[in-house]
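Heads up, the chain below is alone and in the form predicted alone; it's given as structure tokens.
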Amino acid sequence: MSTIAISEAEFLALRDSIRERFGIFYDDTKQFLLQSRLQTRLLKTRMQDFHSYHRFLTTAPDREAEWGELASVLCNNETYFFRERAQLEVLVTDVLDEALKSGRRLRIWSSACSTGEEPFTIAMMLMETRRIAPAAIALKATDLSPRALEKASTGFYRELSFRATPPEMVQKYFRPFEGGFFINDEIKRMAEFSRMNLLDARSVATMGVHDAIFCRNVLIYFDKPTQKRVVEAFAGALRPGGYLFLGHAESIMRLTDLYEPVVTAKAIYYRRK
């Protein structure tokens, strides 16, 4: 397959359109990365160059379908079960305690759920507590990538997804099938999957109010103004005192004053003021 070169003007035009639509930002050092990720879409759409492809994205009547395909190409869907478990332990202790004391339904949002490992991990850990029934949990899972959501909806995973999973959890909550595993139906039914662009404030507002939001390893792909926009939108989707869990390399301490950081020996997270 021959490589189609991208000019600086084409790179800047596509970069700015992608940032405006999805918030994902490619700085000047990532020109080749963006070129390589878009290469397959040029071939699929039979575009001769990146200028034609950009014009298609901005003017074609059926451009929305292509934006969906592009989202799946641009998203990094690297994830696995029981990732950054210390934060999950806060969920099944502190967050769950507060919900049970109040008598309300526990509402959790996995806002960048990728292929489903995170929300299914949350479901498994809550079931392991034996303190709450599935009917008392509202677990929403959203992602930008249609392909990732399609895989999540199958509930089928291969070995790489289990690299941090205790063997007893695999035995209890999965059944083997042709080189991989299906998650059991009870856990699968607990997560409600849908597609969402986190830059769409109207869609975020329709999600309701939650006890905890997970948005781990997403902000690193946004520039600072977009990070601020997203986490402040999350504040509107959290109860006062609600929990925001980010990736261990992500910080919002200088972005907004809507949250209080909480630093423990094992985990860092934020609480809505």
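Because the structure is a prediction, the values reported are computed rather than measured. One rule holds for the numbers: they count along the sequence shown, beginning at 1.
Just so it is clear, the following notes concern the form predicted together with a small molecule, a form of the same protein that is not shown.
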Give me the residue from Leu57, Val231, Leu38, Val218 that has a heavy atom within 4.5 Å of the small molecule in the predicted complex.
Val218
Test of understanding: in the predicted complex, would Arg83 fall inside 4.5 Å of the small molecule by heavy atoms?
yes
My question is simply whether Ile183 lines the interface with the small molecule in the predicted complex - judged by any non-hydrogen atom within 4.5 Å.
no
Given that the partner is absent here, does Gln171 sit within 4.5 Å of the small molecule in the predicted complex, heavy atoms only?
no
Do Leu144 and the small molecule share at least one heavy atom pair within 4.5 Å in the predicted complex?
yes
Just one of 157-165, 95-103, 70-78, 129-137 has heavy atoms within 4.5 Å of the small molecule in the predicted complex; which?
70-78
